[in-house]
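Quick setup: one chain, the form predicted alone, written in structure tokens, and binding and motion questions come after.
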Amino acid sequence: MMIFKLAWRNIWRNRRRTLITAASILFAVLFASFMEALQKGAWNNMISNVVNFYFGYVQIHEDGYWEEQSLEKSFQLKDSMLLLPEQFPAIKAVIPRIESFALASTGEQTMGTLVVGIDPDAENQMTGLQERLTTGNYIEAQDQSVLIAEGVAENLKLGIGDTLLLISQGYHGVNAAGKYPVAGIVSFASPELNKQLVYLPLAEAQWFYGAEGMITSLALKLDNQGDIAPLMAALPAHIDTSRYEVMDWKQMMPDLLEAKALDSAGNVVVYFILYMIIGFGILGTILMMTKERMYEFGILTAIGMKRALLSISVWLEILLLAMLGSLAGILVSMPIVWYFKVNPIRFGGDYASTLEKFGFEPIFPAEFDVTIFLMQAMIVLILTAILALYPIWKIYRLKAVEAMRD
């Protein structure tokens, strides 16, 4: 306890030096926390856009559908599947869909689209589709009209009330063709979804594809990602796994996980450089402190203070400084990260176009997670504790007479 009190008093003997050292640690925690929060926020935003706003965290398909994704792998929607929320409280809703590609055209404009038959009310519960309307009206279950994504509307030069012609191949190879008025236009944060989606009411889509009563997927709405693993473990006991496959978003989109892992691996290099800069900054202040106090160290050893005791005292001083700087860094980082969570960074121009090509929305919100601040503060604290071994090394090599003469 006496050593601790001595170390605490020593760090305030030279307030200027203390403030410089604490400030360097503060900015180290701030930069590292902000970078980590921005990187995590960008990825979580993308995953939320792609997964939660369309695919869902868990889906049920006919066995082999995800590999082939053909109407021939569609299945009859059973009442027992619609009752899954009663068996599993984690499931808030079930969203039936029938999906296939179709050629969409109007006038001389033609493009490939993903036509999705939906239950409008159920779909809106999970994806908030109605809130994504930019113009027009939301579709009802009995309608014979379509919702189209903003990118489809731009490419085909369509407006509300215009007619969209869809041509495709239906279930068991039947011809599929239909003309539908555009009821509304929706906008997605994910550029990929925004360029290809066309929505039909489920019954109309089943008629269009000649697949009455059939669906290709059943998406399960979950409010908490932590429910995914328990649900994936429990569902096989209630689903015929010889006929159906249950997949979570990580199994459905491994490329998204690989892209995230690749990006995280690239950030290791960036973090290494960042911590090298941080380390040299902290080391510089420790070198300055050690050089300034060599005369003091010489006097203390000359009058009989044990080097081990002196080393512990100096090491505790630097550790206390690191704690003060880390705590200040956390307190300064939190409001800054929160600001960029509420007001995300928005990119424009060529950089935004490049991000969209890779499936990123050009918006980077920061991720406000207390563990980010604590982890970065802990790393900087450990780094400082290691660098604090330098003055200990100098103390053990110290020659009292030479130190006092210098």
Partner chain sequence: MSVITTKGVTKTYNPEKIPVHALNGVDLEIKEGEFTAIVGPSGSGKTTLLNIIGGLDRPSNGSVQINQTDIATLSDNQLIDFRKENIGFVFQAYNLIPVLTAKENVEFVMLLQGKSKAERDSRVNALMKAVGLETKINKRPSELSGGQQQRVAVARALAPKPRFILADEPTANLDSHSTANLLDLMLELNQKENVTFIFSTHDQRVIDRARRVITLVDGKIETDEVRA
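Numbering follows the first chain given and starts at 1. Under this definition, the rigid core comprises the largest set of C-alpha atoms superposing within 1.5 Å between the forms. Every value quoted in this text rests on a predicted model; they were computed, and no experiment measured them.
Quick note: we don't show the form predicted in complex with its partner chain, though the next part is all about it.
In summary, the region of this chain contacting its partner chain in the model of the complex, judged by heavy atoms within 4.5 Å and restricted to 255-263, 73-81, 240-248, 303-311, corresponds to 303-311. Under a 4.5 angstroms non-hydrogen atom cutoff, its partner chain in the model of the complex lacks Glu154 among its neighbouring residues. Among heavy atoms of Thr18, none comes within 4.5 Å of its partner chain in the model of the complex.
In the model of the complex, its partner chain lies within 4.5 Å of some heavy atom of Ile299. Not displayed here, its partner chain is approached by Tyr295 to within 4.5 Å at the level of heavy atoms in the model of the complex. Proximity of Val269, Thr384 and Ile386 to its partner chain in the model of the complex is absent: no residue of the three has a non-hydrogen atom within 4.5 angstroms. The Cα position of Glu72 differs by less than 2 Å between the shown form and the other one after fitting on the rigid core.
Once both forms are fitted on their rigid core, the CA atom of Glu292 lies 2 Å or more apart between the shown form and the other one. Relative to the superposed rigid core, Gln196 undergoes a CA displacement smaller than 2 Å between the shown form and the other one.
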